[in-house]
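Next comes just one chain, in structure tokens: the form predicted on its own.
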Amino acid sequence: MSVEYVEKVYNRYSSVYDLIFGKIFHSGREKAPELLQLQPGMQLLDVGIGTGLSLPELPRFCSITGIDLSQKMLNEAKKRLKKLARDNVSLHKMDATRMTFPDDAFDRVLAAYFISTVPDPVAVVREMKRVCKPKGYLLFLNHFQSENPILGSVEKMISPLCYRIGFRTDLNLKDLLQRVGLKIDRLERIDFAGHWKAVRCINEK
């Protein structure tokens, strides 16, 4: 699946994304600030910020940069910023596999419900590592392929169909982290059944 296809899909979702995914993923967004351990003056990058659903949960005392491939999603995020009266957030249309930020630009990097929507998650995480400072945190809120053999096989089977509507169900967490050179620092369930997880890694470079 191409970057252009993903952009097209999420441009289409922009007007209804909050209605569909707002409440479903809210518990993870509430958990994010605790796991990010943000301090005043820190620089946070929100990769795949979408319509800005995470913004109400994030503090005003740090500088937040949000990027997304979909301009229509960013337009919705701009509306949310205006309602929240936030002046500590900047938004940019950008391909997460080719970020224009310098190395070591951010103290924390957040990818909320995003990494399974991209054609090349390995390339994205490598970019996240590059722009994150040494010892900085990378936090993923996402669904990853089940370790249960039966459920994992089902997720792998239906993944091509799901990806046509914007996400994959067979992203293997252990394989992803091994390929990008990251280790889990903290892992928590963020839904009752444990299908969605918060995964924090420390950037050891």
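Throughout, we count residues from 1 along the sequence that is shown. For clarity, every value in this text was computed on a predicted model and none was experimentally measured.
In what follows, reference is made to the form predicted in complex with a small molecule, a form of this protein that is not presented.
Undergrad: Please check if residue 169 has a heavy atom lying within 4.5 Å of any heavy atom of the small molecule in the predicted complex.
TA: No, residue 169 is distant from the partner.
Undergrad: Contact between residue 94 and the small molecule in the predicted complex at 4.5 Å, heavy atoms?
TA: Contact with the small molecule, yes.
Undergrad: My question is simply whether residue 113 lines the interface with the small molecule in the predicted complex - judged by any non-hydrogen atom within 4.5 Å.
TA: Contact with the small molecule, yes.
Undergrad: Taking the shortest heavy atom distance, is residue 53 within 4.5 Å of the small molecule in the predicted complex?
TA: Output for residue 53 is yes: heavy atoms within 4.5 Å of the small molecule.
Undergrad: Among the candidate stretches 173-181, 65-73, 143-151, 37-45, which one is within 4.5 Å of the small molecule in the predicted complex when only heavy atoms are counted?
TA: Correct option: 65-73.
Undergrad: In the predicted complex, do 101, 106 and 203 all put a heavy atom within 4.5 Å of the small molecule?
TA: No: none of 101, 106 and 203 comes within 4.5 Å of the small molecule in the predicted complex.
Undergrad: Just one of 118, 89, 77, 131 has a heavy atom within 4.5 Å of the small molecule in the predicted complex. Which one?
TA: So the residue touching the small molecule in the predicted complex, by this definition, is 118.
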